[in-house]
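The chain below stands alone and is given as structure tokens, in the form predicted alone.
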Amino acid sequence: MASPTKRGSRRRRTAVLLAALALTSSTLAACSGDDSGKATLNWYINPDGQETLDGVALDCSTDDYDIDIQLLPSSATDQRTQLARRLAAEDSSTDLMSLDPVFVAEFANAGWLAEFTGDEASKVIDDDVLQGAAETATWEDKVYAAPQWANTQVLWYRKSLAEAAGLDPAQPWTWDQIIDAASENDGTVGVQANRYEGYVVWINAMILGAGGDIISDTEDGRDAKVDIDSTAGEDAARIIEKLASSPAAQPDLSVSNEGTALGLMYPKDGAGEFLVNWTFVYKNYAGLVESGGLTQEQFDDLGWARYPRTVENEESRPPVGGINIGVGAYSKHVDWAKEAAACVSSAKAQGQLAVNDGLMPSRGSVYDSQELTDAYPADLLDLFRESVDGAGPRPQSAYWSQVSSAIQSVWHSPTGVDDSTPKRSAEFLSDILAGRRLL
């Protein structure tokens, strides 16, 4: 029987060989193009809006190249891992990639993304791109991606539940108000609290909403300042602890994600929920009316409002997400890939994604287009645009994946969060950044 060390060594060698074969195969496929010698640009996308993106790829293919869609895993963390493995190996078949905005800094800092310069940069980020989205595509004042769509979170809720609780829709609501309202009126509060990136999105938004930061001075890399042990961090911890210990907590709180909480808006029993979630929610429930899963009366009871405030007198900072299109630094067709990135992030493509899939534009002009005003209520479009413009991004750091994992390690599960959590997480995060501990 082989020793564990030798067995592990053989497995690693086998894995390396398989990876090399897979990489060689994909590289040959990318370089060969079709029988006419036409180039193929591989575009790695996340699963959102895949059918629409198939059409966008076809529309943006030219006489010089075809754009070929390659599908990434569904979670942002797994998408990052897949792309990082390829780019770390200097994979020339990664021409275009759909990136969660929070990973742009890390990939740019590693030298994995081709920089957009001059007219290329002006084309993908101009005055039409909303400020919150534009900030996510840059690193150290250079443009490394083209914003394609700009997701943001708003508060979705049942109007009947808010009315029963006596909440005034004309006034901003705090987390305390919606937790109390749900607890006292047989409702729940839907959040994303699984151990994944979505949980850090929630924590970051609450800390920003209280005027704080998780980290700052991120340009200093590992020497960034750790700020989470603060009054703002304590406010965020207090809200999580309050929700987790209240009747408003949903049964699957510790594993909840963007999809699991959707069903509790219209439960068999109960008054429904207040739900923080991305823009796709409207199209999701509208589609259920068309398929018979909801009545029009139920759908008309759906309300929306700006992301809840962490503290009463401080404007909320809604999460911002979406997708930026990066160009692989090792692509054999960098110029064509930049041209293709501008095309797949054009106003036309953004309009299609918004109407078909509920993935909202990063360009302000698209919100005014006839196709969107026909597809969405005017006040909801205004709320989406306002939320993107006033959004609070996660810190742009080349070490974000480590920062995020460190936060998840200490703040999960939400039922274990208390007033000591910010201090403990600050100590752990500082040790991680300094290399004194491992994740």
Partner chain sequence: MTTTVVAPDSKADRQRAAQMSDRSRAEQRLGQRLVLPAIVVMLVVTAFPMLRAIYLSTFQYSLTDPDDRRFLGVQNYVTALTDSLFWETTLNTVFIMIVTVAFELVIGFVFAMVMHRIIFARGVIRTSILIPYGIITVVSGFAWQFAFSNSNGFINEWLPFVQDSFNWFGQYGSAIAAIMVSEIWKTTPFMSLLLLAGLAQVSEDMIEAAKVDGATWWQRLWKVILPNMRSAIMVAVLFRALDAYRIFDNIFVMTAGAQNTESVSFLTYRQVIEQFQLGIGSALSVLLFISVLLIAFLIVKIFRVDLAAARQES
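Numbering follows the first chain given and starts at 1. Just so we're clear, the structure is a prediction, and the values are computed from it rather than from any experiment.
There is another form of this protein, the form predicted together with its partner chain, and it is not shown here; the text below is about that form.
Trainee: May I ask you to state whether residue 399 is within 4.5 Å of its partner chain in the model of the complex, using heavy atom distances?
Mentor: Contact with its partner chain, yes.
Trainee: With the partner left out here, check for me: in the model of the complex, does some heavy atom of residue 273 sit within 4.5 Å of its partner chain?
Mentor: Close contact is absent here: in the model of the complex, residue 273 is far from its partner chain, nothing within 4.5 Å, heavy atoms only.
Trainee: Mark residue 131 yes when one of its heavy atoms lies within 4.5 Å of a heavy atom of its partner chain in the model of the complex, and no otherwise.
Mentor: No, no contact at 4.5 Å.
Trainee: Using 4.5 Å between non-hydrogen atoms, is residue 195 touching its partner chain in the model of the complex?
Mentor: It does: once its partner chain is placed as it appears in the model of the complex, residue 195 has a heavy atom within 4.5 Å of it.
Trainee: Can you say which of 77-85, 278-286, 143-151, 334-342 gets within 4.5 Å of its partner chain in the model of the complex, counting heavy atoms only?
Mentor: Checking each option against the 4.5 Å cut-off leaves 77-85.
Trainee: So which of 252, 312, 300, 368 gets a non-hydrogen atom within 4.5 Å of its partner chain in the model of the complex?
Mentor: The option sitting close enough to the partner is 252.
Trainee: Along 417-439, which positions have a non-hydrogen atom within 4.5 Å of its partner chain in the model of the complex?
Mentor: Going through 417-439 in order - heavy atoms within 4.5 Å of its partner chain in the model of the complex - the hits are 434, 435, 436, 437, 438, 439.
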